Ligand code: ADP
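Read the single chain below, which is given as structure tokens and is the form predicted on its own.
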Amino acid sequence: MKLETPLANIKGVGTKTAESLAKANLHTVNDLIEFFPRGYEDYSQINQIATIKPGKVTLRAKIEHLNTRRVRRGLHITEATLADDSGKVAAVWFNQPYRADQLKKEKGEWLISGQFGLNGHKYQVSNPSVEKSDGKHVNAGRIVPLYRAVAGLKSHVVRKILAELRPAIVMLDEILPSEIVKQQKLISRANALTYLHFPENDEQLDQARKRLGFEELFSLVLAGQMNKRENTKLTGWQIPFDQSHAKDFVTNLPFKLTDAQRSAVWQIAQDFENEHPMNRLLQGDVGSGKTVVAGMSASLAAAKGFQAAIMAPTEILATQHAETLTKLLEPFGVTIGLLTGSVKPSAKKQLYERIADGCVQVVVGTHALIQEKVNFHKLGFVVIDEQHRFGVAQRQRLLEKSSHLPHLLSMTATPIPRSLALTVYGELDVSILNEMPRGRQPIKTSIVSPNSRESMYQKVEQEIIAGRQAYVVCPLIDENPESEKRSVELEYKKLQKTVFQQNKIGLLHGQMASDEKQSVMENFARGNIDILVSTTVIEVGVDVPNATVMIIENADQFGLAQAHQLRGRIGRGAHQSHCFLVSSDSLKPTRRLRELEKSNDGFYLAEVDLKLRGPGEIYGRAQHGQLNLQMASLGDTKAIAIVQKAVDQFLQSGEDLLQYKQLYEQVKKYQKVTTLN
């Protein structure tokens, strides 16, 4: 038996099972060995019938009074009496007619594991696993692994096939360098996978998780470091630092840069002078001033004859960036162009020509920037805003629009926990904006029960009377009678007809046409709309300093990071702002809501979110899915620190990664997923 042997060739795998395995993307012996359990049930302690209590039990018993019957169409019941020296108890199986044949075929004792409790008017063991008491237990009398039910594949089927594969698991080769395994006091890979699928106790499970989690993190961190090394081999544009321009720029700003902004710009300016292309991540909380950092950096590039391209995920955000950068850069003679899908063909053609001959020095746009018709004169600097919303291929296409690899600044308003940044973005240099511009007041956040809206609406009314504006965010567009989530259409109509019938209310959602969305946002920004009822389309980039109230309906339905992003749409002016988190029900608020209520710190909330939800929300669903981490936690900073030291030692040793074939393949896979080059 080899790792590449098809599962269809394994004893006990019939045609139907092979089809289910294939649907679950399990084709070979290795695929199933790497299919890790999602959890465990402990049936290792054998009880006497006289001593059992409601809950999970394992019995060694004989079968008495077995009978089977069809109660009605679609429901088949098999009943038995289980007996040992201490007493008797009933067992029942629903829709498992094969149990009668199984239990009649052989006499003697059976190991029976299942849930004991009251069913109807009597106590019984329901739908238990049953195996001969012969010491070869797979589904009973042991710590039983539970596997994800993919494509109808049942856990007991997976366990049965893995029992056939156990000889192959025991013979598995080592992946990690032996010196690292020894230094870290890890068990072998073969033992780790044996313990994972066939644990005898909790200690074996802990050893398996430690070993396999270390292996996953080692591959991921090594991939990031190798990406970084490869990046230093590339040649890019060298953009000299223009000190007098930088001083003029800062002096003429209508506000004072924060120390964090100054530090970030200086780091970027130093990277510009390097012959290797910059690969830097600028992360900062909502409203921390990332656009100003990008704008000043673009002006430094333009001052030396280079063009800059700034790509944003939405037209609203791209338009806003273009307006902000025009105010910042035009006084220095820097020309700004806006390229989005809604630009008219005639204007677009003219803009293409001005970009190609270098007349437009900073081009702001959406995906339209990566179209074939867009040719730059001398592209030296690329900014990707909300970079996790773009795929690797899209970023690459923009970078390829230059004869030399341009410097890359990726920006995100979703603060990334340090542990995640160091691991997933191991090849990046990171700049952090952890200060808010002066004059900003912390947002006051309150959890509101759905039955306690009156005082909340009074607060909104007070703010509107004072000349302020408000957002109301709902999770759905259309009314759905099967869902308790408040729809944006329904809420818009309700507020118009009831509590705010005297006010101007606007509606915004993703299914509206681009020009219609733009019009609504412009009217809101100008103060022509008092209350904007919206979906999460306003999550990124909408900047209306006069908006001081945010109501998030069904707030418990949102992730921490997303709810914090939404809250960041207010608190951008000099006035006190208020955020109301309206629960879906009157039960005790979730931990996510309680954390949001007590903290405005996006970096702290990101750490909490990582623990509660995992890295997918932060890193971006598509790419995180490809990471396929089954055992490691990207929130385990202690483990990550240990792994990083081990990776550094391995790289310094000069060992050839190619001699570790499986590790090499895993690292190459992660390199494709994590690289931002």
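Small disclaimer: the values here were computed from a predicted structure and weren't measured. All residue numbers refer to positions in the sequence shown, first residue = 1.
Beyond what is shown, the protein has a form predicted in complex with this ligand; the following relates to that form.
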Note which of Pro313, Pro589, Gly559, Gly287 lies within 4.5 Å of this ligand in the model of the complex, where distance is taken over heavy atoms; exactly one does. Gly287
Which residue, Leu196, Val292, Leu408, Val520, is the contact with this ligand in the model of the complex, using a 4.5 Å heavy atom cutoff? Val292
TL;DR on 543-551, 95-103, 331-339, 80-88: the one with heavy atoms within 4.5 Å of this ligand in the model of the complex is 543-551
Can you work out whether Leu257 and this ligand are in contact in the model of the complex, taking contact to mean some heavy atom pair no more than 4.5 Å apart? yes
Does any part of Arg572 reach within 4.5 Å of this ligand in the model of the complex? Heavy atoms only, please. yes
Is there any non-hydrogen atom of Pro437 lying within 4.5 Å of this ligand in the model of the complex? yes
Contact label in the model of the complex: Gln469 to this ligand, heavy atom within 4.5 Å: no
Pick out the residues of 149-180 whose heavy atoms come within 4.5 Å of this ligand in the model of the complex. none
